[in-house]
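What follows is a single chain, given as structure tokens, in the form predicted on its own.
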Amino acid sequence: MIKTIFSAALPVSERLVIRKNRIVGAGGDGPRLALVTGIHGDELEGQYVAFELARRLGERLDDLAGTVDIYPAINPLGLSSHEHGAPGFDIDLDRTFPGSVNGNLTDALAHAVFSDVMGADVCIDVRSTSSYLQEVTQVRIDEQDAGKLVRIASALNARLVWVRVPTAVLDSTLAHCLNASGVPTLEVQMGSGMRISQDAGTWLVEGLLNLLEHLGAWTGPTIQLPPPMVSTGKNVATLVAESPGIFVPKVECGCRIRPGQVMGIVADPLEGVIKQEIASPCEGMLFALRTYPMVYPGSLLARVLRGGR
């Protein structure tokens, strides 16, 4: 069932409309799962996840004992214009929650989304990384919420659960506000901006079905992967550029890295010399790798999970 949760007038007789797809199982009453994506207009991985989950559930409604709400496009203006934030407002929607019913358009939009998701048993917020990086599928959790979320995150078929120290700037994200209001919410980061990785999206859908089974809302087939690695920020090595130039990777994201292994170089096209060799400081898993070649001092090049399998 398609339902409009927010509608507002735009210039030139247009309207901003936010819709969700509510899928109610034929297997009886049960938990409610909310899948949110499209908060940032340049993050498209969640679009495929939303499509594939709706397709899979629609084919096996008898196996679903509960409700799944799919919110595929929270920022339709950004999606249509390929912009990270809300065009015309210069605002990151994920810095506006929980919003305000009496605020400006973006505040009212955020309030409508937040209010509609409230009451869900679990919410999954699917993100892509920036168009400059590629990342393995991971669940990011604030340290303060780890006790209640790590167990839920383990059902999602992600390779990594990254428990991070919360920062003040994240207090107005959808995930933080929902968790603070009693709705367990997981932020999934995957793939690369402006692209769709079908294999990664398909595995996440399998993880969502696993999660529904974990909640007692799914009796259909599932595919389970080994439990994810759980890491804190102390276990993550971050490598950045020291010189300007072009980054030329020598490995693939997701691979196993040895101590001292060269993962890439920063080269100077003018002089024809290597300015920097990017070597791993530890053994572990390379879970983030730069894909955009141009770099400057301080540009993020890679992240390695120490000891990750």
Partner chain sequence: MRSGVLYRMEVPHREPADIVGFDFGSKDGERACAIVGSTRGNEVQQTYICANLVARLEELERAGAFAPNKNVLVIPCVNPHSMNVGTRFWPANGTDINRRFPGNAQGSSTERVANAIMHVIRTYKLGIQLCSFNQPGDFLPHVRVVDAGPISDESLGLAADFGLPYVMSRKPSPFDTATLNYAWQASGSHAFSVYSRATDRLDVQSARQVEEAALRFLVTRGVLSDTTPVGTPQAEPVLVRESDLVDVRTERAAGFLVSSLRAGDHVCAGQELAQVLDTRNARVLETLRSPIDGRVFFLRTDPLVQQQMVVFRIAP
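Since this is a predicted model, take the numbers as computed values, not measurements. Numbering follows the first chain given and starts at 1.
Omitted here: the form predicted together with the partner chain. The next part is about that form.
Original post:
Which one of I265, C282, A54, V240 is close to the partner chain in the model of the complex, taking close to mean a heavy atom within 4.5 Å?
Top reply: Only one option qualifies, and that one is V240.
Subject >> The single option of V150, I91, M229, V183 touching the partner chain in the model of the complex, heavy atom within 4.5 Å >> reply: Contact residue from the list: I91.
Original post:
in the model of the complex, which of 118 to 126, 185 to 193, 95 to 103, 138 to 146 comes within 4.5 Å of the partner chain (heavy atoms)?
Top reply: Only one stretch passes the 4.5 Å heavy-atom test: 95 to 103.
Original post:
Are all three of N21, V24 and N235 close to the partner chain in the model of the complex, meaning a heavy atom of each within 4.5 Å?
Top reply: Not a single residue of the candidate spot has a heavy atom within 4.5 Å of the partner chain in the model of the complex.
Subject >> T291, heavy atom within 4.5 angstroms of the partner chain in the model of the complex >> reply: Contact check for T291: no, nothing within 4.5 Å of the partner chain in the model of the complex.
Subject >> Heavy atom of Y132 within 4.5 Å of the partner chain in the model of the complex >> reply: Close contact exists here: in the model of the complex, Y132 approaches the partner chain to within 4.5 Å, heavy atoms only.
Original post:
Quick one: does P269 come within 4.5 Å of the partner chain in the model of the complex, counting heavy atoms only?
Top reply: Yes.
**OP:** Considering only heavy atoms, tell me if L10 and the partner chain come within 4.5 Å of each other in the model of the complex.
**Re:** Contact check for L10: yes, within 4.5 Å of the partner chain in the model of the complex.
Original post:
If we check the partner chain in the model of the complex, which of the residues in 263 to 297 reach within 4.5 angstroms of it by a non-hydrogen atom?
Top reply: In sequence order, P269, M294, V295, Y296, P297 come within 4.5 Å of the partner.
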